[in-house]
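Starting off, we have a lone chain in the form predicted on its own, written out as structure tokens.
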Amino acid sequence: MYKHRFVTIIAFITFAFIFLPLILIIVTSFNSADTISLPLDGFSLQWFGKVFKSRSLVQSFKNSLALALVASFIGIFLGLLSSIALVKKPGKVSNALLSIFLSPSLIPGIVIGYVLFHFLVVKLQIPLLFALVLGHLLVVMPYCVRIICASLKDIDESLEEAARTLGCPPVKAFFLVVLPNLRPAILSSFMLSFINSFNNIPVSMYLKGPGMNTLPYAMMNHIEYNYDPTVSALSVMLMGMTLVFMFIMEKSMNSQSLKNETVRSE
């Protein structure tokens, strides 16, 4: 009994540690004062308007959005191809390659950014935009490969074999039978890849250049020279965007799972 109470107390402390800063950010974003302070001087929406008036924040948001989308789509495409090869040809080589694909998630991001800057930009003289995409691709690849590999292993191979037996070519069988069953895994990979790429700071810090500032770094710069609630308002907008994004993804995954269960029952 006391053990359960102790676990409950630890759980409440953990949730408070996670959500209390978020609540403070939400509250201070509506403050009418020119500084982030409590208690509130009054209610105001002016800081949400100032987000859109800041050229640096708006442009960095566009940069981060485009970068996250490009890195996520490329990561899913390469991760899908890599996962098929790793699952279809199991063995020691496949296990070694899987470890290589997952290794970027074990290395600190600041180390990846520093190494990529010296190798891609200094030695190979690759343009910063291309180097930035490659850097974010390294960030998202482990999520794509891990999730899609796990989903591929759970798919019943007899479904694809049955399609081939009925005269369906291998490529067509993959697109008609295997790929629809991978949709939840692909959506999960996209969601994790997009969020991690969009919020990444260490890699972007080394590989950013003129006109290629990302939103997290722009927010850090704004906080360094300003103490107004503009960043709090932007954070609230990003939290809302993330919640909407996750809600849409969850509905899509649930509808696909329900569709798959209906097909299997028939």
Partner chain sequence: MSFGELRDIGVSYDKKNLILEDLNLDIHKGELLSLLGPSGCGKTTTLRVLAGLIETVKGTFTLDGQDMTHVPVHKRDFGMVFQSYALFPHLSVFENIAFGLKLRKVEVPSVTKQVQKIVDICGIKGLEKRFPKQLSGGQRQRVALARALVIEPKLLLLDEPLSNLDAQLRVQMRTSIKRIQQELGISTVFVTHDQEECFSISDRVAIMQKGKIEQCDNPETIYSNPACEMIARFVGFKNFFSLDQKDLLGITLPAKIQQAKLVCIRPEDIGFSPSGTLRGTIEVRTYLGNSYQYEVNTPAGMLTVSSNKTPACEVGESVSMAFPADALVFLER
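C-alpha atoms forming the largest set that superposes within 1.5 Å between two forms make up the rigid core. Residue numbers count along the first chain shown, from 1. For clarity, every value in this text was computed on a predicted model and none was experimentally measured.
Just so it is clear, the following notes concern the form predicted together with the partner chain, a form of the same protein that is not shown.
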4.5 Å heavy atom contact, A163 and the partner chain in the predicted complex | yes
Using heavy atoms and a 4.5 Å limit, would one call V177 a contact residue for the partner chain in the predicted complex?
-> yes
Determine whether any heavy atom of A150 comes within 4.5 Å of a heavy atom of the partner chain in the predicted complex, and answer yes or no.
-> no
Does P127 make contact with the partner chain in the predicted complex, using a 4.5 Å heavy atom cut-off?
-> no
For 169 to 185: residues with a non-hydrogen atom within 4.5 angstroms of the partner chain in the predicted complex?
-> P169, P170, K172, L176, V177, P180, N181
When the two forms are laid on each other by their rigid core, does L166 show a Cα shift of 2 Å or more between the shown form and the other one?
-> yes
